[in-house]
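Here are two versions of the same chain, shown separately as structure tokens and labelled structure 1 and structure 2.
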Structure 1
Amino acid sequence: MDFKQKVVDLVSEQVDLPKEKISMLIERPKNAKMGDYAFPAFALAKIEHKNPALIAKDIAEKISDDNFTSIQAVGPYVNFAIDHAKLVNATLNDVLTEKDHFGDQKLGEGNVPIDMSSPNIAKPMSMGHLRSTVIGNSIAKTLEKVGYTPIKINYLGDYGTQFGKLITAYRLWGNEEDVKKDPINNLFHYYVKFHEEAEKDPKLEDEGRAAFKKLENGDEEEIKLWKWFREVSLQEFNRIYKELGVTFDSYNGEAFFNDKMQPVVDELKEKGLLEESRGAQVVNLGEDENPALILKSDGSSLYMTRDLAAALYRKKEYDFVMSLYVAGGEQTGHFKQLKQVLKKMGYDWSDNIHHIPFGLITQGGKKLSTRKGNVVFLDQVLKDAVSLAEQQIEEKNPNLSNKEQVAHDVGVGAVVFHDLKNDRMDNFDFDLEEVVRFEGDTGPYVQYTNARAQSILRKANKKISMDNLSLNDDWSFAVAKALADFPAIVEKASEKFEPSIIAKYALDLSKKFNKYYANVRILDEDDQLNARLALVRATSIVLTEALRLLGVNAPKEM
């Protein structure tokens, strides 16, 4: 039962406001003794020309409902105190009946392409790629839970001037044998060396641009090298995606749109939108806006050209209801321009394109940079995280079966959870030892809470009946109330494209359950044992599902 909705329905019978407005006004009193929900009467003061305290008193006197132990006016608020036993009983029934479908909703439908991860070919995946990958993956899972069909697109950085630079670097300093031995690291080494040398000799930049122009024009040798770099990079990326448990529906990278850009340029010309500016071709976006650069003065394409082609292709291919781009906050200007150009072209569906920005991961307060070689490789971070998890499992539970798998789920899960518990737009400093702790606001803490719940159920070894799941104590009410919030949490996370809402919820539910565990003798043989075990099982179901929505596994033993 949705008790908040019950409050909305009761208030709506007494006031002349739409239910959506009432729902937005409902608050949670800061002091639990004041009740569980509060309706502020301020919104009615102007309409009724009365003191809000009198309005609240009038509303409270007219409402009665046996789902609430008290409905009373406190100053300008109407406070509702839920009948604890009824909430626990209704919530446990819902969770145990719906299981992992608890929280499923039909908030929308239709295809939602999600442009995410998108590493550059021939460079190792760094911690910088982690954010786009795991944020995009969690958003996809959450949107699916509320009715949409996500399409995860790995828009690989497999085209652009950097490949001219890489081809030039390979010809100057590389050899086939080294690349075959350790492809990614050696290609990365050539790329870094190119930038170091180009600072001393700017002519190298011209050579890189010339090599890319040859690649664009279909030069056989350049294409052969480019395909080889792409193939060895993809093998490495897929190994890391497997570690993270992330899959994709499309790997159509920038190169896929190479033959789809000219029609876009032609359309811009036909619609009179293309103008010349200092030899380059641009779309003017207004007096106070920078123009969108479509073609460089030498005629070569840019990110904007390819992204326009990609947006038009995705609309035609998927007929999307929304199209999401999970990319760093520094690209906000680019996506704003993309939408503006599409709008000028007459495509109103551009309103349904959303950039999902995020902050930076730093280390020791410093920004990570691939170009300067100041980079933390994701592969190594995941290996170190699993190793740290293994050490802690060895100390806490040396006889644990399936130790390797659990260490993997805990180590990798810790890295993913740490990223997602931070508000998407926040920058954060990464410290692996903090991340893989079993205590504190960490992924392993949530996983351990779930494993504890599973351990209790194994010890009890009883079939849980659905009869009389009422509990009256404050500890169980706090847990059940948190469980009842899960559908609203899923809805909020999906609307805001914000996985941290789910991660913070999982931490909060874990803390409430651990307080329950510390204060209640769960396995005592009495007439409430069945209800207590139902609460434990319901907590495990919701924690497991919350972790799944974040892309984190939930081991049953730790």
Structure 2
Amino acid sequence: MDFKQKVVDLVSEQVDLPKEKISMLIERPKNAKMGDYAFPAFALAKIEHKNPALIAKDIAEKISDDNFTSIQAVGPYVNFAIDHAKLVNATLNDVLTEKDHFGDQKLGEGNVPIDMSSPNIAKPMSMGHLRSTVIGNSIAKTLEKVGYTPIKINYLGDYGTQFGKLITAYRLWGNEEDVKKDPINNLFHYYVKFHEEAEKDPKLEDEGRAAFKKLENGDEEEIKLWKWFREVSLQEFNRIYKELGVTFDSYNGEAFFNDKMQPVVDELKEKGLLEESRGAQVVNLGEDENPALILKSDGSSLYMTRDLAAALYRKKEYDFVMSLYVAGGEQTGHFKQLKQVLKKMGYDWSDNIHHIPFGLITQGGKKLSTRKGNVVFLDQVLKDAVSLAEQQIEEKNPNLSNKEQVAHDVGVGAVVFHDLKNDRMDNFDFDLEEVVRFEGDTGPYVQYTNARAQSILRKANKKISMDNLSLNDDWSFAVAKALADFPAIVEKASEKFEPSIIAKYALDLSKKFNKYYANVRILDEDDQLNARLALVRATSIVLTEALRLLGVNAPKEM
């Protein structure tokens, strides 16, 4: 039950204001002793030209409802104090009835393509791509829970001049066997070497450009190499996605749009938007803005050209209500331009395009850079986290039946949760020990809490009935109140595209539950045993669902 809505309904019977307005006005008293909700009478006072305290008094006298232990005027406010036992009872009833659908809502509908992960082939997947993957995945699950249809798109960086360089480098220093053995590392190694050598011998750049031209013109040998590089890279990426449990609905990357760019260029021309600037073709976006580069002086296309084609394609293919791009904050300028160009083309739906940026990950205070070889190897991070989890389990619970699966869920969960628990715009320094820490504000802490709840339920081994689920102690109330907040948390996370709201909530609920566990004798055989077990089950349901929305598994035993 929604107690706030109840307050809105009660107030609306007494005053001449629309319910939405009342809902907006309702506050939470700063001091919890004053009640759980407060309706301020100032707005009415203005309309009715009366003293707000008198109005509040008048309203309070007219309302009575047994969901509240007191409804009284305090100065210009009408304060409502929830009957705690009733809230516990109603909330547990809701959670146990709706189970993992608790918190589902209909805030919107329609297709929402989410451009996410999108690593570049022949390069190791970076921490930035990991962030994009897990943030995008969580946003997808959250949007789905509130009614939308997410479409997860992996817009692979599988095209561009760098592939000409790579082909050249492979021919000079590479061989098939090495690539087969360790594709990404070796391809990457050739690529780094290309840049080192090109500094000494600028002719290499020309060779790279020539190879790319051939690729663009459909030369068989070049295409064969490029396809092969793409395939072996994707295989490695898929290994990481499998570990993370992330799937995609489309892998249409940059190359997919090769034959879809000319129509965009033509359209820009027709609409009189294309201008020449120092040999290149650009769209001017006003005096204070950089122009958007559409074609280089040699006629080749750019990142922007491909993204324009992709945006138009997505509109046509999915008829989206919103289109999201989860990509690093350093690309903010790019996406701003993308929207501006689409707007100039007359497409008002460009307003529904949102770049979802995130902060930078540094290491030892330094920026990570693929180019300079200063990278964190993701599969290694995941492996290390899993083996640390294994060690912990070996120490704490050596007889656990499905050890391997649990170690995987805990290790990978630690990495994912670590990435999601801070506001996505926050920058953070990457420290493996910090990532795989299992105590404090971590994913494993939430997982442990859930496993603890499950273990209590196993121990009790009782069927929970829905009869009387009222509990009146403060520990239970704190947990139930947090449970009752879950739908609002999901709503806020979906509106702000902010998984950290859910992660922080899961930590808070865990802490409240652990206090309950430390202070209440849950398994005592008395007439409240059923209600206490209901609270344990409800907590487990909501923790499991919160973790699911973050893309983290919740083992039942640890």
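Keep in mind that what you see is a predicted model, and the values were worked out from it rather than measured. For clarity, a rigid core is taken as the largest C-alpha set superposing within 1.5 Å between two forms. Numbers given to residues start at 1 and step along the sequence of structure 1.
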field: Which of the two shown structures is the form predicted in complex with arginine (ARG)
entry: 2
query: Does P113 sit in the same rigid part as R314, given that the chain moves as two such parts between the two structures?
result: yes
query: What angle, to the whole degree, separates the smaller rigid part's two positions between the two structures once the larger part is lined up on its C-alpha atoms?
result: 12
- prompt: After superposition on the rigid core, what is the displacement of the C-alpha atom of I47 between the two structures, in Å?
  reply: 5.8
query: Aligning on the rigid core, what is the distance the CA of G128 moves between the two structures, in angstrom?
result: 2.6
